[in-house]
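First comes one chain, alone, set out as structure tokens in the form predicted alone.
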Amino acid sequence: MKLLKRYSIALAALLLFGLLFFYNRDLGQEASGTILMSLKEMATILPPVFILLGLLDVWVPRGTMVKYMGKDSGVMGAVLAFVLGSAAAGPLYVSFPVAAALMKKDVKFFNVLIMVGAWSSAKIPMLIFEYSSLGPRFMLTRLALSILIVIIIALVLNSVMKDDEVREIYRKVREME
């Protein structure tokens, strides 16, 4: 029963997918192609990410992460988190295992939020594309707005969430091992 509850959303999606096939076979086949393409992409992206996360876990001591991105890291921790998120490769869903790895190393929650926000809005390849296609003025304006919005969202989330809620998230991340 616990297993059914844990995977209830996936099972519901599978049921809806089956109903789609029954209702409209062509649309169901198109959806199958999209799902298979997404699974193939994930299968090529996630293994290297998990290898890199394992190396991060082994090579970077917890004390170093706490020093540069932990509770007392200040502005420098947020800047490092933004650079990490901007320089990272891969789609947004890859940022979540990275965020979990950072949380296991006791990186400040605010900095984790900054990293995910930067990952979603300020990737270096995107900035280069904007610079070459739309010009430096557009790129710098959008980057400045992205930085501002990421900081605002991180501040709001950080202030709205209670300390015990954040501790619970960190506890659950540690249990994932």
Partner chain sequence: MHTKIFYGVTIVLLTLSLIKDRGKTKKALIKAWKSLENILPQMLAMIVAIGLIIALLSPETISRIIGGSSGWWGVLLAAILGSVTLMPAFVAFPMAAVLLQNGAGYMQLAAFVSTLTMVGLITFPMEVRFFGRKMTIWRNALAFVFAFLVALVIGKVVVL
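Residue numbers count along the first chain shown, from 1. Rigid core here is just the name for the largest C-alpha set that superposes within 1.5 Å across the two forms. Since we're looking at a predicted model, the values are computed, not measured.
One more form of this protein, predicted together with its partner chain, exists but is not displayed; see below.
Trainee: Are all three residues Met1, Leu102 and Lys108 in contact with its partner chain in the model of the complex, where contact means a non-hydrogen atom within 4.5 Å?
Mentor: Per the other structure, none of Met1, Leu102 and Lys108 touch its partner chain.
Trainee: According to a 4.5 angstroms non-hydrogen atom cut-off, is Met69 in contact with its partner chain in the model of the complex?
Mentor: Residue-level check for Met69: no, no contact with its partner chain.
Trainee: Find out whether any non-hydrogen atom of Met65 is located within 4.5 angstroms of its partner chain in the model of the complex, and reply yes or no.
Mentor: No, no contact at 4.5 Å.
Trainee: Are any of the heavy atoms in Ala87 no more than 4.5 Å from a heavy atom of its partner chain in the model of the complex?
Mentor: Answer yes; at least one heavy atom of Ala87 falls within 4.5 Å of its partner chain in the model of the complex.
Trainee: Given that its partner chain is not shown alongside this chain, does Lys162 nevertheless sit within 4.5 Å of it in the model of the complex, heavy atom to heavy atom?
Mentor: Lys162: yes, in contact with its partner chain in the model of the complex.
Trainee: Within 4.5 Å of its partner chain in the model of the complex, which residues of 53-81 have a heavy atom? Give them in sequence order, or say none.
Mentor: Counting only heavy atoms within 4.5 Å of its partner chain in the model of the complex, the contacting residues of 53-81 are Gly54, Leu55, Asp57, Val58, Trp59.
Trainee: For Val160, is the C-alpha shift between this form and the one not shown 2 Å or more after core superposition?
Mentor: No, the C-alpha moves less than 2 Å.
Trainee: Taking the rigid core as the reference frame, tell me whether Arg6 has a CA displacement of 2 angstroms or more between this form and the one not shown.
Mentor: Result for Arg6: yes, a 2 Å-plus shift.
Trainee: Please state whether Leu20 has a C-alpha shift of 2 Å or more between this form and the one not shown, with the rigid core used for the fit.
Mentor: Shift of 2 Å or more: yes.
Trainee: Indicate closer or farther: the Cα atoms of Ala10 and Glu168, in the model of the complex, relative to the displayed form, with a change of 3 Å or more.
Mentor: Pair moves farther apart in the model of the complex.
Trainee: Which way does the C-alpha gap of Tyr7 and Glu165 go in the model of the complex, closer or farther, given it changes by 3 angstroms or more?
Mentor: More distant in the model of the complex, by 3 Å or more.
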